[in-house]
Every structure is written in structure tokens, then in C-alpha cells.
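A single chain comes next, written as C-alpha cells; it is the form predicted on its own.
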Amino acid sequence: MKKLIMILLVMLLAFGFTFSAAAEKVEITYWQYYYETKEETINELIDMFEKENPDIEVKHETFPYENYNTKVAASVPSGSGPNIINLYYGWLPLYINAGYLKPLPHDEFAPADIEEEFFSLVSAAKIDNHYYALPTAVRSLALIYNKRLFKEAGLDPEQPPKTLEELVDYAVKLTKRDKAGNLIQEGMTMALRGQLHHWVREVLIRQYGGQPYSEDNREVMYDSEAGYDAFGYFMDLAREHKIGEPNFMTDDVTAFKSQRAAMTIDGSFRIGTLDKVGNLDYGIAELPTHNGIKSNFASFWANGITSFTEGKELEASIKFLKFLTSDQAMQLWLTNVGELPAKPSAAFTDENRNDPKYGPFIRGLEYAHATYFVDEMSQRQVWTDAYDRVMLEGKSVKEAVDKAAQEEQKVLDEYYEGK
């Protein structure tokens, strides 16, 4: 009888210990917009993290990109949203002003350590000496081209265009229209609402000798000869050379995946998607130069901690954020998603620099610029509107650029007023 009682006591103690451990388990929630390879990779990282931290459970939720900010605005202020949120760095000023994020604590994320370990472009996430978010990966742009269509046009698939002049020549040879003049194959994609507004702003304007903004980012500076020449080059691709249309095949990605576009300028994140397309033989090259000038655009999606997260949830969120910014996570992200490690030590290995797919993007980081957006969606829109003013309203390039600069300056003035 005594032996039975002892067994029961041991069982009760064991059950109590298990129950106590389960009761102490902390659950945190992570949000990001839906993108297949990102969802899969975060799930893989969560599994790795939870094995190392059995007392923490990470719930992962995704939402359509188009509804993402609306969902955040409806949830975070009420404290019912995520503890850690993935957001585009260009949204940070709006998120911070709205009170969605808390600054990362200095004792866990010292600004000096961040600036020593990460690419300098990550400083776009720093406001008033506080970092509000950190990336697992960064992005740059490159020229992506279809090798089969190059061969059909009599072009060497191992020799992509290296200059803006060659880009025009190649694009013209790669464009096809039917007898009625309808576009059936783009020489190059042309949608500014995708990645091309970045190409115009941070690449073409700089290659033509200008700069898009003042050093303090408060003044628009592309209403200049350099700005007119850069946007004129872009508009001539559509008006004079007729190598593509913004809405061809609905969007640039669909056109390239369908092998109806021979060239596109896109981010490194696209690799994971393109590798899943059957029979797509494509190459990647650094962006074409102009007068020997190289330039590129860099950006990133970052992870921040929401303002209502406190106590044990905050401690768990800090642990998970540190894991997401580890070298281990960055290398897995590169392999699965195609986005580049956010730390030079991880990105600039010989293997990565010389990789035929990642290499051009990684080399592009050495001369890339990250636009300091205060309202990314509005600042993107001014360029799509500029295109429409030229193509649909018959405005001159100068008129369209001047109007874009005026509209964007208003956005900047409204943001910086009183700051």
C-alpha cells in the first residue's frame, strides 16, 4: 500500500511539474504579408527557434499584401494584433507616428552594435537615435533576362547588356508585335508601380549626374537636367522604342514568368519564385551602367515589436527577433527566398559574391542607395502619375517631372512639419 501511495505521489508531482511548465509557456504572434517562399521559410525558422526555446510558442499569420496595412491599423491599436510584425522599411514613419511600434531597447539592440554589424542602409530604420525594426535580409536590383528569348533574337545569352545604350538595342531586338501592331512579347517590362520607380529614382537619376533628394532627405532635387534626362530615357523606351507597356500581361512578374517579357528589372527576392517556374532558363546581371556610373537601389523588410507587447511576451519577442537576425537565419533566407543577408559578414563571402544568381545582387549592394521614404505609397505614385501625364495627357517630360517633384515635396513637407 505504501509503495502504491509513493507511486501516486511521484505521478502527481510529475504531472504537476508538466502542468506548471505548460502553464508557463509563452505564446507570441508573428505577422507578415503572404508570399509563398517567405511563409515557408518563416515556418521553418519557427520550428528551429521553438526547438531551442521550448518555453516559447510562435504563432504565424499571413495576410494578402493589399490588405496588410488595413489589418494592422484595425488590430494593433486595440492590442489584438501581433507581437512581432514584418513591415516594409518605407512604412516605418507612418507606423511610428501611428504608435504601432515600440523602439527596440538599447540594452538588447544597441545602435552602435547594429551599425557595426549591419549594412549602413539599415540606418533607415533609425529615428531619433532609436531603431524600431531590423531586417533578416536586404534587397537590391538586377537585370533578369530570358536566355531562350535571347537565343531566338540572335543575342548571346551569356552577354547581357552592360550599358543603357546596349539595353535599348537589346530590348528593341527582343520586342515582338503582331501584324496589327499589338504587343506579343516585351523587350523589357515597363511597370513603374513595381520595381522600376526605384530604378528611375535611385539609379537613372544618379547615373545622369543628379541625386533624388538633399542630404537630409527633406528636399526633392530631381526637378533638374539630370532628372529630365533620366525620366526622358525611361519614357523613350515606351514612346520611341515601344519595347513594352505597363499593364502587359497584367504585371511585370506575370509577363516574365510567362516568357512574354525578355528582360525585367527586379529584386533578389524574385529568385525563389522564378526557380519554381518550369522550363524558364534565365540569367541575372548587374544593372547596366551609364557613362561608367554604377548605381543601385537597396531596400528591406524589417521586423519590429508592437507597442502593446509587454512582460514575458516582450522577452520572448526580443529572443525571436534576435534569432531572426542571426547569421543562421540570414543564410536560410538567402537560400529559400533569394533575399540577401543584412550583414556584410554574411553577404560578402566569396561563394555568395560569385554565385551566378545571387552574385549580381550582392555586388550591387556595394553601390546601392536606400531611399528614405516617409510615405512610400505616395512617393511611388508620383512616378506612375508622371508616366500617365506623358503618355495619356501629352505633357512633356519636364512638365511631368516638375509636377512629380511638386507633389512629392508636399508629402515631405507635411511629414517634416514641426520636426
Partner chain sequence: MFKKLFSKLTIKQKQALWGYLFLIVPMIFYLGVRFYPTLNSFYISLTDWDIVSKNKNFIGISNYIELFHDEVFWKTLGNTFEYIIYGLPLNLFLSFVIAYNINKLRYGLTIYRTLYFIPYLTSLVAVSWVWRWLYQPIPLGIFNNFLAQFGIAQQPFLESTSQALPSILAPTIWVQIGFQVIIFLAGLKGVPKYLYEAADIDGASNMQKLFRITIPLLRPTIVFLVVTGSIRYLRIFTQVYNMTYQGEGGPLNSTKPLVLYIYNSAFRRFEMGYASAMTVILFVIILVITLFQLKVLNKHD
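What you see is a predicted model, and the numbers here were worked out from it, not measured in a lab. Residue numbers count along the first chain shown, from 1.
From this point on, the text means the form predicted together with its partner chain, which you will not see here.
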query	finding
is_contact(M377, its partner chain) in the predicted complex, heavy atom dist at most 4.5 Å	yes
Partner proximity in the predicted complex: R389 to its partner chain, non-hydrogen atom cutoff 4.5 Å	yes
4.5 Å heavy atom contact, A98 and its partner chain in the predicted complex	yes
is_contact(N53, its partner chain) in the predicted complex, heavy atom dist at most 4.5 Å	no
Contacting member of K319, R260, K343, K102, with respect to its partner chain in the predicted complex [4.5 Å, heavy atom]	R260
Single option in G209, P157, P111, P77 placed near its partner chain in the predicted complex, where near means a heavy atom within 4.5 Å	P77
Non-hydrogen atom within 4.5 Å of its partner chain in the predicted complex for each of A73, N247 and T250	yes
Stretch in contact in the predicted complex with its partner chain, which is absent here, among 176 to 184, 111 to 119, 327 to 335, 276 to 284 (heavy atoms within 4.5 Å)	176 to 184
Any residue of 288 to 314 that, in the predicted complex, places a heavy atom within 4.5 Å of its partner chain	none
